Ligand SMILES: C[S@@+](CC[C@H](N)C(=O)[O-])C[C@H]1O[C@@H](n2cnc3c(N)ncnc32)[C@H](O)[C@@H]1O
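In the block that follows, a single chain appears as structure tokens, in the form predicted on its own.
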């Protein structure tokens, strides 16, 4: 959880997070989006990857997918990964959710499907000047 130790406000030009937001529950993502906005300089850029809609598991139940369809965000707890904390699960994002929700902290410039290594979607954000 934030804050990032030793990083002062408005001191970072570029921040990237690969396969971070794709594994955090919504509340933790919100905390990190606030922290990212805090540490970026005005005009600073954040590159963050997420699991897009094409990563939703085929075996997701109907209630889960219905909620994802309505909200554009879904968090699936599927047992976790050995050696990682229990909260580290699977998060899925639609671009409309990202644009609507993340814009409380950052300007969302683009959501590029499969833009991170042709796998996860890439979200390009900027701290407002």
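All values reported here derive from a predicted model rather than from experimental measurement. Positions refer to the first chain, counted from 1.
From this point on, the text means the form predicted together with the named molecule, which you will not see here.
Per the 4.5 Å heavy atom criterion, the named molecule in the predicted bound form is contacted by stretch 26 to 34, the sole one of 26 to 34, 61 to 69, 97 to 105, 40 to 48. Proximity to the named molecule in the predicted bound form, taken as a non-hydrogen atom within 4.5 angstroms, holds for one residue of 14, 10, 109, 18, which is 18. At a distance threshold of 4.5 angstroms between non-hydrogen atoms, residue 73 is out of contact with the named molecule in the predicted bound form. Residues 84, 87, 88 are the members of 80 to 118 with a non-hydrogen atom no more than 4.5 angstroms from the named molecule in the predicted bound form.
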